[in-house]
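This document starts with one chain, in the form predicted alone, laid out as structure tokens.
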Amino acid sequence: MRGARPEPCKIEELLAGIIAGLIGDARHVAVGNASPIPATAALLARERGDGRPYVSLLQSRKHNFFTDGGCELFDCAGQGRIDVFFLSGGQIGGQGDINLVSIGDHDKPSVRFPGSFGSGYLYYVVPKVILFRLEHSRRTLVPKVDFVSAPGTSPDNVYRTGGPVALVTNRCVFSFDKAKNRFRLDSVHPGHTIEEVRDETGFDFDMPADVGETPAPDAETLRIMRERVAPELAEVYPQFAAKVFGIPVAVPA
């Protein structure tokens, strides 16, 4: 039953449960490449919503109606038909900027990331963008990113329907205050502390007087993830499904 005492869960299950809650009443959720936890969350939200939201997993044959890759995704987003998307970055700045290009001098970088693809465009047009980062440290959450792949905020005279609503990490959950253009600490995950979050975060953030603990998924949520979501997830992320949920990796005949 929903509301039952939480069972022990893995960090991936905790984060997927959080993100599923942030998805809310979206009509259409799109998930890009290399995003198994957001994919888990999107499928979980669909299972709990009796088929709503519609979920597009870009690497999936079963859960993706696009036939022309990014072109159709961008068209769909530009028409206002994608409500939620997910972004991460090698660096995430205190105003929601993300860096998917490089660290250090642009001509001679010390670190090179895969690249921006459509992040800058989608960040502008998708109403609810959920940021996520599994390494919560001062080298990843920085005051100012070295390269702006996609800005979290825009000047007042720039028309923009999209932007960040939250940042979920392995330590805590931040919401994004669009009026102040900065993050606010909402909750700290079990086993972590406010002091730890403050010490490991490179940017300044707001914080209420009483910061609660991130609630773990209840027994029914875990059951849905493990019994119904995990087998669907294995098509796109077989190694992740095996590690987290124990789904055997299919061996080609």
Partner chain sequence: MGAIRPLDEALSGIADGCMLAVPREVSGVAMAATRALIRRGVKKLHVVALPTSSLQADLLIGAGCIETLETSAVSMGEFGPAPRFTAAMLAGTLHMKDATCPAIYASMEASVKGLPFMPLRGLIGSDLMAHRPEWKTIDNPYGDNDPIVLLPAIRPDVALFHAPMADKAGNVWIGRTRDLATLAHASARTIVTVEKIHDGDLLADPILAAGTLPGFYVEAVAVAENGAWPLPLPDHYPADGAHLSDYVKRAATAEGFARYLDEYVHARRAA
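Residue numbers count along the first chain shown, from 1. Worth saying up front: this structure is predicted, and the values here are computed from it rather than measured.
The form predicted together with the partner chain is left out here; the points below concern that form.
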Q. Is every one of 45, 86 and 175 in contact with the partner chain in the predicted complex, taking contact as a heavy atom within 4.5 Å?
A. no
**Q.** Stretch in contact, per heavy atom within 4.5 angstroms of the partner chain in the predicted complex, of 127-135, 162-170, 111-119, 175-183
**A.** 111-119
**Q.** Interface membership of residue 68, the partner chain in the predicted complex, 4.5 Å heavy atom rule
**A.** yes
Q) Is there a heavy atom of residue 245 lying 4.5 Å or less from a heavy atom of the partner chain in the predicted complex? A) no
**Q.** Contact flag, residue 238 vs the partner chain in the predicted complex, heavy atom cut 4.5 Å
**A.** yes
Q. How about residue 33: is it within 4.5 Å of the partner chain in the predicted complex, going by heavy atoms?
A. yes
Q: Check each residue of 94-108 against the partner chain in the predicted complex and list those with a heavy atom within 4.5 Å, in sequence order.
A: 101, 106, 107, 108
